[in-house]
Each structure stands twice: as structure tokens, then as C-alpha cells.
Ligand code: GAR
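Read the single chain below, which is given as C-alpha cells and is the form predicted alone.
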């Protein structure tokens, strides 16, 4: 039996990408094991979903900053992930920038998914940015996390057409449907050793 990739998931919201990943594991499509789920939001849906799945779910108070964790909180996350034996950190709707304490501890071992075809429309509410700009296509991107926001090596992308009748909500929903397909697949490529941690195909 092959060794499963041990992953830890960080999220701030409802947890739909976490569910897609966990469902792929349960269906045998992803050779991985979720060791712990962390959130900076005490009542986040992702923690509820994780507990219903019988997984270790932990709230880590983020501290006083709005866009990042306080150093002590970042160090606490690192300690929890290390204690759980996590090999790959998966960001699933985590709304804070990770800084040196975290990225040094898991150098080249943090992945994220972003709702645009990076490098286009980095930052918040990328689907709204795409609509405002008037593009005909957008999508989503799985990438490695680096110190520069939404700028790490790309692992996978999926294209989503922008329709004339689209609202931000409709477009975002279709992008999320693609996210739920490509995120587990990208993690599986890592589990199979088909990607180096630089993002290049092996």
C-alpha cells in the first residue's frame, strides 16, 4: 500500500474546497490524509465540516492584525502542523498572508487556490475584477505560496468563460465548481511525485 501524503488545511470560511479535497480522499481519488484543519475564525464553517468528518479541527486566535497572523499565532500554527506530521500545507479560503515564520518552516510545501487565471487578477474578489475588466475568460489557479501574494509557481489552471448574463455571484459559483475539481487533482500530482516543490513537472 502506497504511503499517503499527510496534509494540513488552513481556511477562514465555509470550507467548500476542504470538502472537495476530503471527498476526493474518501472516494479514493486522492492519496492523502488530512491530519489537521486550522482556522483563524472561531465559528468558521470549515471547522464544523472537519469535526463532522471526525478530523482534528483547531481554532488559532489570529491576533490584532487584519491581513496577517501575529507572529505568536503563526508560530502556533507551525507547531500544530509539525506535531501532526504534516508534509504539505493546503490553503483553502485562508484570508491572511503567511509570513516568514510559517513560510520558512514549510518552505516549498504550501499550496493555495486562487479564483483567477494568474497572473491576472491577483488579490481579493478576483471574479469581480474579471467582470469589471470585461474579459471573456477567467478561471482558477493552484499555485505554490511564496512571499509575494499570488505569485508562486503555477501547478494547475482551469478556464471558465465569462457569460453576458453573469453577475459576480454566478461567475464565482462556476469558478468554485472548477476549483473543486482541480485542487484535489493538483494535490494528487504532488502525492504521486509528479511535481517538484518548485512547481515544475517531474
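Owing to the predicted nature of the structure, the values given are computational and were not obtained by experimental measurement. Positions refer to the first chain, counted from 1.
There is another form of the same protein, the form predicted in complex with glycinamide ribonucleotide (GAR); it is not shown, and what comes next is about it.
None of 110, 130, 113, 77 but one reaches within 4.5 angstroms of glycinamide ribonucleotide (GAR) in the predicted complex through a heavy atom, and that residue is 113. Shown without its partner, this chain lists 146, 157, 176, 31 as candidates; in the predicted complex, only 176 has a non-hydrogen atom within 4.5 angstroms of glycinamide ribonucleotide (GAR). Residue contact with glycinamide ribonucleotide (GAR) in the predicted complex: residue 184 places no heavy atom within 4.5 Å of it. Remark: residue 53 does not count among the residues lining glycinamide ribonucleotide (GAR) in the predicted complex, judged by a heavy atom distance of 4.5 Å or less.
Proximity of residue 150 to glycinamide ribonucleotide (GAR) in the predicted complex falls within the 4.5 Å heavy atom cutoff. For residue 14, a non-hydrogen atom is located within 4.5 Å of glycinamide ribonucleotide (GAR) in the predicted complex, even though that partner is not displayed. Contact annotation for the candidate site: 24, 35 and 88 all lie away from glycinamide ribonucleotide (GAR) in the predicted complex (no heavy atom within 4.5 Å). Applying a 4.5 Å heavy atom cutoff to glycinamide ribonucleotide (GAR) in the predicted complex picks out 92 as the lone residue from 57-92.
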